[in-house]
Structures are given as C-alpha cells and as structure tokens.
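The chain that follows stands alone, in the form predicted on its own, written as structure tokens.
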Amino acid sequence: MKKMIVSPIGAFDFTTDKIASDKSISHRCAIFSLLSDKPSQIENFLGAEDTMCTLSIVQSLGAKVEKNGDMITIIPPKEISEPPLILDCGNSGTAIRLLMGFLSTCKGFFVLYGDSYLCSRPMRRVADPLRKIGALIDGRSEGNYAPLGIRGQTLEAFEYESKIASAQVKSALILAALKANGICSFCEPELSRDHSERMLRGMGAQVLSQGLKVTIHPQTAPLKPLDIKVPNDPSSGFFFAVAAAITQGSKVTLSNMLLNKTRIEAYKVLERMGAKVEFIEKNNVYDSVGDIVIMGRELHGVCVEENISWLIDELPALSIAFACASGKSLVKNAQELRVKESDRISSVVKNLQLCGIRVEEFADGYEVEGGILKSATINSFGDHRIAMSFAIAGLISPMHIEDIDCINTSFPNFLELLSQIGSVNAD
C-alpha cells in the first residue's frame, strides 16, 4: 500500500494539456461502440485502470480492439457474446451501472463485479427500475450489491420518474430503452450530466431531451460509429484549479478541457468564492471543448446547494478551497456523496478535522469554517478523489497521505503533474 508526502514550494504558473482524458466519456465510448455495426475511432481514450477494465469487458463481449499510438479502433461483434468469465468493472460505478442497462437487453447471461469498494456500493437504484420493466438482475442483498447476475431479454416500454438526479441511473435506463419494445421516457428532478444523450444523438439515436425529460425511441438499426477525440476531464483538472485558487499569486491553464455546462459547475463555485476563472471555447463537435484559466485570489465562503449533480465529484476538492477561505461554507442536498467510492461526507469531515479545520457533518452535507490548514496524516479510505484532494491541501501545509494506489483508477499521471507545482515524495 503506497503513501506519499506533499509539501508546498510557493506560487506557480502552470500550463498543461496532460490532464487525464475524460473518464465518463471514455467509459461511454467503449460501451456505445457496441451499438454500431462499424468500427469506432477513439483518440485520447483514458488509459486508467477503470476505463481499461471497461475496454477489456467490451472485448469479452466479442469486440476487437486495435491500438495505434493515441488512437484505438473498436470493431463491434455481429452479436454480443456470452462470456465464459465474469466481467470485472474495477472500481467504476459508471461502468457497472451503464452495463447493467446495456446487458439487460443482450441475449445471454452476464456477471458483473469489481473490487472490494465497488462491491460495497448500492446498485438497487439501477437494478430496481430495470427489474420493473422486465430485466432479470440478481445479486447480493436482493440485487443491491455486486457480483450481479444478468440474463438479458426484451424489456417493456416505460415512463420512469427518478427521485434522484443521477447520470448513471439515467444512462442505464436510456441504454435499456434503446432495445425496449416501445417508446420510453425518463424524468429526473434536476438535470444531471447529459453526456449519454449528446453522444447517442451524435451516433444517430432518437434520444430527445426536453427540459428534465428524455424520450427514447427504440433502436431499429445499428447506430453510426464514433469518431471522437476524448477531451480532458474537468473533474480531474479541478484539482489543479483548486491548487491555483488556494495559492495566492498562482495561475493554472488547462488545455483541451470538456466545457459542458454540467461539468464545470465546480469552477463556477470557485469563481463565486473569488477566484478568477476564464473559459475559452476552441471547438464544439460532440461537445464544447476548450481551455480553462484559473488565477488565485483571496477566497470567501459560499453555500453550495443547487446543481449538486453537476459538481458531486468535485466536492471533496472544493472542500479544500472551503478550508482555505474566509468565513463558512455550507454544502447541502449532497447525500449522494454517501454512496461514492467512500462515504465522502464522512471522509472529508474526518480528514479536515485532522487538519485542524472546524467542520460540522449533516446527513446531506457539511459546513466548513475556513481557517489554517495544519499538517496531518490523511486516510484516503481507498477513494481516489479523497487522496488527490488532500494532496492539493499539501500545497498549503505538508500532508502525509496513506493508500494512494487508488489514484491510478482515474488519473495515472496525477503525481507527475503535481510534482511540477509541489514537492511530492511517494513510496
């Protein structure tokens, strides 16, 4: 089990196009390529452990994958193969939940599982609505925990109204709807990230978005193949945005970033806190892509209670900015944090308290009183975002972070980039 020590080296001016490729889009590229009958061309696919697990699953389902430098070609099978082995999703909730929807309509029997952390995450939020429309899914605790067994079949058309805003739940239901026996609809309480809808429309699917409702027409023919360069991940880039924001006189320029409005909300919060943030669009084919420039200034506390699904993954890193701001910051309506790679509300609260910061925990969030971060030994709880968030805190005061192997699940070159703006010793 590896650990590291991160220490500050002062203000910096950092420009990079080496932020990890977008994980959400990389997962979708691999899975969605199976909806076509022609090869998909994918440039800049994320080479992290989780996304490579998804690529391996696609191969187990019968696809061929060819690699040529930074380009991969996925040649779909004529028909999905029933694999002789179980399908390893690694640490990825996105992969397992999207595959639940996709495989529910594929002929055959499939078993999905992952690492110990993924197998402790709840799956009934996806399994239950799928079972209501005829999917055959079972697993531990009545299908709430992996390993999950799925026997694919034709599903009934549905009109589903979700009680939570979750891109994973929505995407799973959309994938199931593409092979259902009628027109389907999905509604959510607020707009969650919409990559699936955008990408599937780009492939020719009739996935129509109107406000909070998505209408899905059955797929009557194979979709067009993907031809895409995966943009860099704003969620990964956000760690370095926070680094600039909390370090007076620092500047970070992040190139080739996804600028979808549902993915840059955390940057907007930094802007509200006082940081200078600029978005520069360069192109807009599958989605808006460009540069983000962040400059550190004095920060002040804010309340974060809206568009939570747009920044749920960035809240641990935002919490470091809260700890360095003047006044109090409040996070509400974020109970979804409880079911991530760790209970991120608990993980953030415990670790900030170790750093000498006053934090009050609530069922759906927490309140942080800004102060002076003190050196501490941090428990990552096997959660890559907790590990990386408190690594950024090390730019203010030295941090000893335990169990950093999890970082490779999403951002393999994080330590390499961090070493350019701070002192990093890992063993």
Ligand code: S3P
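Note that residue numbering begins at 1 and tracks the sequence as displayed. What you see is a predicted model, and the numbers here were worked out from it, not measured in a lab.
Here the subject shifts to the form predicted in complex with ligand S3P, a form of this protein not shown in this document.
Only one segment in the set 307-315, 176-184, 289-297, 104-112 has residues whose heavy atoms sit within 4.5 Å of ligand S3P in the predicted complex; it is 307-315. Contact annotation for Ser24: at least one heavy atom lies within 4.5 Å of ligand S3P in the predicted complex. Residue contact with ligand S3P in the predicted complex: Ala165 places a heavy atom within 4.5 Å of it. Using a 4.5 angstroms threshold between heavy atoms, Ser329 stays clear of ligand S3P in the predicted complex.
Using a 4.5 Å cutoff between non-hydrogen atoms, Thr94 counts as a contact of ligand S3P in the predicted complex.
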